[in-house]
Ligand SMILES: Cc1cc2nc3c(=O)[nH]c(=O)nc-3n(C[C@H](O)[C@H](O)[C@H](O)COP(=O)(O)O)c2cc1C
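Just one chain follows, in the form predicted on its own, and it is written as structure tokens.
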Amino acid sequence: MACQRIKDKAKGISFDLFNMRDGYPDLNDYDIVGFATYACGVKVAQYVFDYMTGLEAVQDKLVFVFTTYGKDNGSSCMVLARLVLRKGFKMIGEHALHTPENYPPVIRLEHGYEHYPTKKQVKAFDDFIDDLSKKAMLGIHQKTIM
């Protein structure tokens, strides 16, 4: 839902959404790449880490990273950012969004965070999307995959 919100609200950017579990797209077709994942135990999920490890290196391709988290973001956004930087991407933005918890043991302990994201957090998320849009309007980015 969060990736769809980015796609729907961004102006001046044409997005293709791609599931990491479907392999590797040809990144040469895109001006900018976005990587998104959820926090899994305060880090990125193992399959995301493995995917990023197997990704071919690029040279200064523009990238943004985005994570969602329930109880705690931990270092997931920072880890994802480091993974893409090691592959030769050039970072133009990153954001982490607090969402309702989806892990049953945490929910059972009454830490479901059902009221998240807050209005303030949605505003910060929309500001992140607006920032991506402004960069696109400068002609830096036209076609994006996330």
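One rule holds for the numbers: they count along the sequence shown, beginning at 1. Every value quoted in this text rests on a predicted model; they were computed, and no experiment measured them.
Note that the form predicted together with this ligand isn't included here; everything after this is about it.
For the options Asn102, Gln46, Thr118, Gln59, the one in contact with this ligand in the model of the complex, meaning a heavy atom within 4.5 Å, is Asn102. Think of it this way: in the model of the complex, this ligand has a heavy atom of just one of Ala36, Met52, Met78, Cys40 within 4.5 Å, and the residue is Cys40. In the model of the complex, this ligand lies within 4.5 Å of some heavy atom of Tyr69.
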